[in-house]
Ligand SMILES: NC(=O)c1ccc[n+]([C@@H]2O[C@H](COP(=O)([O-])OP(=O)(O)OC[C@H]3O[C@@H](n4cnc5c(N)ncnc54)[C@H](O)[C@@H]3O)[C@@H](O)[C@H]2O)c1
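Okay, here we've got a single chain as structure tokens, the form predicted alone, with questions on binding and movement later.
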């Protein structure tokens, strides 16, 4: 208990799924948590379930909103110690069928949102004497999941940018850590909601004979949101004081399972 007592955290996309689990566990362990999400009803519902959690309407694509979110958090609570860049979106499409507008949407939310979060969190954490930035990447960053082509590209960008921020903070002796978490399939509304889109698009995608990819591919082994939240808690706590620039894979061997290429 109290592994992050006294810390102030912002969790984007905290209204459901992994972000919700992150917010609840951080609050349970003593942090003051600000959920930032475009889902006002969901965010307020989470905030109502536990003391120590509050909700702020926030679109991670909007730079002025980021500036206000961080400034208001510091004004209310005196500091910012932890940022969990969790908000994300996913669309189905292989290298030939990916829709440009959907890819742009993923980059705006997943990549721009993460970069803007880092941009405004770092100065606040400097004032606080240090902190921890946790960026939600995915096994898609390195696994070649071609039926999620644009999503893979966006999550790879997050992994790369995490190292940029980690090195920047380390070499400037800012006492700010930055790490990425790479979940495999997790049982969240975002993943379970993919089934309809996958079924609608799979007929137009090129698939090799005996491909493991099918319309029910999103139903592959799922972990639970708390499997990721416990990693977030570790990276948010002082237990990870010597951990920065790391990629933490939580995927039950899915990135090392042998695949056969004919």
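Fair warning: this is a prediction, and the values are worked out from it, not measured in the lab. Positions refer to the first chain, counted from 1.
Although not depicted, the form predicted in complex with this ligand is the subject of the following passage.
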| query | finding |
| --- | --- |
| Non-hydrogen atom contact residue 245 with this ligand in the model of the complex at 4.5 angstroms | no |
| Proximity of residue 15 to this ligand in the model of the complex, heavy atoms at 4.5 Å | yes |
| Non-hydrogen atom contact residue 143 with this ligand in the model of the complex at 4.5 angstroms | no |
| Contact test in the model of the complex: residue 183 vs this ligand, heavy atoms, 4.5 Å | yes |
| Interface segment, criterion being heavy atoms within 4.5 Å of this ligand in the model of the complex, picked from 197-205, 57-65, 231-239, 26-34 | 57-65 |
| Contact residue in the model of the complex, from 88, 117, 131, 93 (heavy atom within 4.5 Å of this ligand) | 88 |
| Partner-contacting position among 153, 159, 166, 109 - heavy atom within 4.5 Å of this ligand in the model of the complex | 109 |
| This ligand in the model of the complex - contacting residues of 108-145, heavy atom within 4.5 Å | 109, 136, 137, 138 |
